[in-house]
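For reference, the chain that follows is the form predicted on its own, supplied as structure tokens.
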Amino acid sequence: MENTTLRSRFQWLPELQTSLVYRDISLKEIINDGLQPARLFEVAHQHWGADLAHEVKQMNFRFVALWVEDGEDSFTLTACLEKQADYILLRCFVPGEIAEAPSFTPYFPAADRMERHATDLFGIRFPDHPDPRRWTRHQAWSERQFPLRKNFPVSGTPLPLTPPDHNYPFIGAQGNGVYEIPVGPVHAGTIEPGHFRFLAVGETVLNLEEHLGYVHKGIEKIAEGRDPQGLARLAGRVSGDATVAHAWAACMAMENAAGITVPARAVFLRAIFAERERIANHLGDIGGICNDVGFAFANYQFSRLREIWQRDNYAWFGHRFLMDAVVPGGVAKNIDEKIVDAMRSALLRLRGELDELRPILENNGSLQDRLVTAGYLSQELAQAFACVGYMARASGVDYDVRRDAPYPPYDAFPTKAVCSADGDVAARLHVRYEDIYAALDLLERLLASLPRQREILAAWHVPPAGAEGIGILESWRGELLCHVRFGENNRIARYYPRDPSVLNWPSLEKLIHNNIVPDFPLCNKSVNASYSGQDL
């Protein structure tokens, strides 16, 4: 499903500026090469939210991310939005004595949790936010402590014993036969902790509410003061199953800020790592979806294929998940012709096995009965909640950063973005299956075009204090954004990663409506949002 409506290159900008003039809002563009491909605009903080958000909503922008920086006497709020594959950064400065701004959430539901995160960790208030409940804040911090402010110590001021978080005000309901089912935060199996509160009648789900944050690691705080190599290692641990993508995004942001050009061979190797990460995760999740409906044979087969794939990673690159393979200025691992030949043979073997397994999945009536129509997410809801990656594409939202806002080396390789309009678990499995084939094609083309130059690491240039950069790429889960600002002496002053899961988690609360409770594991696995990636 080729999308030919994008690639506007900011042709809509005059229309936006004209519409803002009628509201007496002026955008001041700040030229900053480190933030490319986005363009940066400053706006007065009193116009943040209602006025500004209303206009960009009217022009069908997609909300991408929001983050805060703590200055000496003010806070900097930056929102990233996308339209027709063009990214803009809207920025305002909130005086410290005020510490509040109008909310984007009434216009962009996707801003909800990011603004609540800013409230919990920076103390920024959004008076017109429709949901004033805390989100990231648990009981380890008092109401007057804001862990991401500069004056908050890295080690915090922990109590001898953190009180239990038992009073979160979940949405309730009353009526004949309505009851609550609390699930988690500790689950059976190996998944990470997260609490899910169901309201149900019989087996039918009326409402689901998530409460996350149990694996909060202080990533944003402990990034401060690191050098570029240290930040890349930290970024690779934001979410272990997306270690390549997060490390690449962080390096991309730092390299943009420092004005560093990565050697061509290293860029190709980064894409090879990223596509291998994509395939490994899709193999595991397809097996997991089959496991959740009792189709053990398929689970064994896809788990076996994933294991073989990751053993090859270890043999060729020294790590099953490719952790620390991407470093500032390039990559840590090179490959020789022997590995190239071995990888090509492995691609052929995997393609052959997938060809054999596909009809077994497609012709299994019991499996299809459980997957088709389960966990349906409409295109309208996917767009309203700004879903990304296979979640969005399985609901007919045709967007892929590799194709629509391409970055090297994808700008030289037309990339197939697999879509489906069906929106159910079966569609998400189909998109992932076809994603593997598309990634195999890409790997073959990347190997065939791998630059011969052996250089894989550019010399690092220390950026000036205040330099900032942005990285936007397509991880295996979808669009991933990272913002980095440098301080003095090559040290990180602010690191903000926005995992695709932050945008995809809320859709799980929507697609589970009117499904039966026993299908929740199946629906959850088909989404497979990262707990760690959202619990920074």
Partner chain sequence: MSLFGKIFKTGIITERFDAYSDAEMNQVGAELRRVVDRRFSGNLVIRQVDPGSCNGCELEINALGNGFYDIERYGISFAASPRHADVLLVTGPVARHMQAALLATYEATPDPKWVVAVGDCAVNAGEFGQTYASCGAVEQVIPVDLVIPGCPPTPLSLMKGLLKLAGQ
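Numbering follows the first chain given and starts at 1. None of these values were measured; they are calculated from a predicted model.
Below, we turn to the form predicted together with its partner chain, even though it does not appear here.
- Using a 4.5 angstroms threshold between heavy atoms, I219 counts as touching its partner chain in the predicted bound form.
- A residue is said to contact a partner when one of its heavy atoms sits within 4.5 Å of a partner heavy atom; G240 meets this definition for its partner chain in the predicted bound form.
- Taking non-hydrogen atoms only, T190 approaches its partner chain to within 4.5 angstroms in the predicted bound form.
- Interface residue remark: F273 is not counted as part of the site for its partner chain in the predicted bound form, having no heavy atom within 4.5 Å.
- Screening G213, P463, G329, P409 for any heavy atom within 4.5 Å of its partner chain in the predicted bound form leaves a single hit, G213.
- Residue in contact with its partner chain in the predicted bound form (any heavy atom within 4.5 Å), chosen from A99, V340, M323, L457: M323.
- The candidate stretches are 369-377, 125-133, 329-337, 301-309, and the one lying within 4.5 Å of its partner chain in the predicted bound form by heavy atoms is 301-309.
- Remark: all three candidate residues (H138, P160 and L234) come within 4.5 Å of its partner chain in the predicted bound form, counting heavy atoms only.
- Counting a residue when any of its non-hydrogen atoms is within 4.5 Å of its partner chain in the predicted bound form, the hits in 353-369 run E353, E356, L357, P359, I360, N364.
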